[in-house]
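What follows is a single chain, given as structure tokens, in the form predicted alone.
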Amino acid sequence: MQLKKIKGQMAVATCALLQAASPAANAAEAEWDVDTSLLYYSEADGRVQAAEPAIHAGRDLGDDERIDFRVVFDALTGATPNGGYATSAAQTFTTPSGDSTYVTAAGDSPLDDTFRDARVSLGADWTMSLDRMSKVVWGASLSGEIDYISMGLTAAYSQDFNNRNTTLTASLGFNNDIINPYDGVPIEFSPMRVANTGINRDGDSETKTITDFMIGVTQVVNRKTLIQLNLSLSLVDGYQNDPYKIMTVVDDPVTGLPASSFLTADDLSYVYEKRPDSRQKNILFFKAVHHLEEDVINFSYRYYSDDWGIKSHTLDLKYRYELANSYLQPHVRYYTQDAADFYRHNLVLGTDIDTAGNALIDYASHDYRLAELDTVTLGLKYGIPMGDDSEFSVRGEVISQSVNDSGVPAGQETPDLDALMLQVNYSFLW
């Protein structure tokens, strides 16, 4: 469930006006233009590590038609936060499979080191020209993880105006997702059980649908400058919990220690989270690309808000510096977000959960991804042509993320996240 990516790109023809020539620019002279990549991602302190090989192949069919295919494979290992937090006593948790336990030492942040995941993603697009000034792109995607299946369809319409200096785009996308957690779907706010003493589950699977709308305009300001503005709306309906995230139930919110007695002797002092089953996301995206005498500046800003209470800002800057026969591209990205309305550090027995195990609140989660946080990314890319029809590039980035833990007792804070990402690309015409 944790394999998610958001990618954006400008139209190939427009980018060609502003950036140095690439193998794809000569695709019309070859059968296929192919992009291959291998990405490695590693979080510090033994947390999640991922490897992602990917390949994209596209071909012009003539008459302004084109087909594109994508294949991506992800493999994740390591340890992932389970939703609890460090305490002054050792803690015992049940694994997602429900048949074993793992222990977190006193003072350590709880991490599930049994975490494993893998995904295969397939995608295809067909671009067809309606007339000299308009086109439509039809897309389909299918991805499968160990516990998650997603199927999607997209359609995008583009219309050129003003001697093709202005392009208006509208798109519609629909995804249907099936969630199959290990050992079934946990009952919301139900207690985590001691291993092999009860499953506490509500069926084997759940579903979720996602409907995306986008309208945008791309404007060529002059021969060196391009701007883009997009407005997006996303409607999510269905199961949106993380079935592996729990929350700590405490007797005393000052100490933050798990409740000493919760329901029966077989119940641990942790309950599964609960999130709303609907979500509306709104996104404003602005991008500007400016070609200097040789170098290229690429800047974007993204504003996000949703009805869960999260608001975020993303600033992204890339500067492509041309060398004699290669280029360097430094990258700086800053991301900040507010917390979701239902983000909680813990639940209090008698206030949020009564002694009979009934929830007295509607929603709650201690998933750090819903917290108030800031993320800084610094990167550098180096690319070099390998002849007239191929290019090799390598990119490295360091990521630093911190969660705002104001008001949280000392020793129970969410640890900062530091990560490293390396990517190797090779593009060629075939």
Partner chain sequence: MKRIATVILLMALAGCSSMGVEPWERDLLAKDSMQLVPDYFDNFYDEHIYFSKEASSGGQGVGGGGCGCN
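This is a predicted model, so every value here is computed, not measured. Positions refer to the first chain, counted from 1.
Same protein, other form: the form predicted together with its partner chain, not shown, and the subject of what follows.
Q: Each of R201, V254 and R344 within 4.5 Å of its partner chain in the predicted bound form, by any heavy atom, yes or no?
A: No, the whole trio is out of contact, none within 4.5 Å by any heavy atom.
Q: Tell me which stretch of 356-364, 185-193, 335-343, 90-98 has a heavy atom within 4.5 angstroms of its partner chain in the predicted bound form.
A: Correct option: 335-343.
Q: Taking heavy atoms only, is Y148 within 4.5 angstroms of its partner chain in the predicted bound form?
A: Result yes; Y148 sits at the interface with its partner chain in the predicted bound form.
Q: Can you work out whether R59 and its partner chain are in contact in the predicted bound form, taking contact to mean some heavy atom pair no more than 4.5 Å apart?
A: Residue-level check for R59: no, no contact with its partner chain.
Q: Heavy atoms within 4.5 Å of its partner chain in the predicted bound form: does Y41 have any?
A: Y41: yes, in contact with its partner chain in the predicted bound form.
Q: D277 versus its partner chain, in the predicted bound form: is there a non-hydrogen atom within 4.5 Å?
A: Outside the cut-off, so no.
Q: Which one of L111, I246, A259, V289 is close to its partner chain in the predicted bound form, taking close to mean a heavy atom within 4.5 Å?
A: Of the listed residues, the single hit is V289.
Q: Could you list which residues of 206-232 come within 4.5 Å of its partner chain in the predicted bound form, counting heavy atoms only?
A: Contacts from 206-232: D212, F213, M214, I215, V217, T218, Q219, V220, V221, N222, R223, K224, T225, L226, Q228, L229, N230, L231, S232.
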